[in-house]
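This document starts with one chain, in the form predicted on its own, laid out as structure tokens.
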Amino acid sequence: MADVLTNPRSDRVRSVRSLAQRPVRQRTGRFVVEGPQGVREAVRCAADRVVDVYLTDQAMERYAADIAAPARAAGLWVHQVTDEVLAVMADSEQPQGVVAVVEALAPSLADVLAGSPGLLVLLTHVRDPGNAGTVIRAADAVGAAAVLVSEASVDVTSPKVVRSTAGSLFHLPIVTGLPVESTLDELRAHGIRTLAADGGGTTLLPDADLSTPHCWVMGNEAWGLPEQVRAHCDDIVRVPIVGKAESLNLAMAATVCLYASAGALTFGT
């Protein structure tokens, strides 16, 4: 292990901090993972893409067995840093003492479709990092084959999205930059039904056909799905609301729909 990094103004520290900026991430093909859960999963599931791991003295002791040791065993660079250095590297206001720099992966829609996926979710023009990260985490939890993200959506390698996935970013393919309507056409050509999740849908979620391969299409937080996108889908499905809540937010609705799909595909219910 290298000497302890103590200078928060060093070139190395500045280069890590600069990855909070989207143009820098795009230019370098790298992003930052913060927190023990995210870094642990990066080391466990994507060690070949981990460039460096940074831990404070306290974090080095606390996560010796599940982060530091596995990282070294994988031949990764593990650096000890001061709290001040870690605070500069991290984007969050209360960093947890662990940061990693990881190379971004760019799977294609063709890669995903080659695996004959049974369950997908397509985020269309989703802008909120927390929503995007939560949907990725939910898709991971139910065993979805991939998450598809349209062009003009939030960058899934942004610090807030990465943190909100809690490591799920490293568990399933995330395909980004997709044009919505041509993606829907491609899914249909591969026998995958497209289900628009929309509060104005005529099909209630309990009545939707979820027994065959399908993709949930989720809209923007503010304006939902445009009419041309809804018309392009095979069905428009709404989550029934029996209480007084006006609606569910994007992440909640996606989670409910994904779990309904997982139940139908796994248990035939």
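Residue positions are given as counts along the sequence shown, with the first one as 1. Everything numeric in this text was worked out from a predicted model, so none of it was measured.
Just so it is clear, the following notes concern the form predicted together with a further copy of the same chain, a form of the same protein that is not shown.
Note on the interface: of 150-158, 168-176, 81-89, 96-104, the segment with non-hydrogen atoms within 4.5 angstroms of a further copy of the same chain in the model of the complex is 168-176. Although the partner is absent from this view, T134 contacts a further copy of the same chain in the model of the complex, with a non-hydrogen atom inside 4.5 angstroms. Among residues of the shown chain, N220 is not one whose heavy atoms approach a further copy of the same chain to within 4.5 Å in the model of the complex. Looking at A65, you'd find every heavy atom of it more than 4.5 angstroms from a further copy of the same chain in the model of the complex. Remark: D140 counts among the residues lining a further copy of the same chain in the model of the complex, judged by a heavy atom distance of 4.5 Å or less.
Note on the partner interface in the model of the complex: the residue among V51, A231, A69, I241 having a heavy atom within 4.5 angstroms of a further copy of the same chain is I241.
Scanning 223-259 for heavy atoms within 4.5 Å of a further copy of the same chain in the model of the complex gives V239, P240, I241, V242, G243, K244, A245, E246, S247, L248, N249, M252, T255, V256, Y259 in sequence order.
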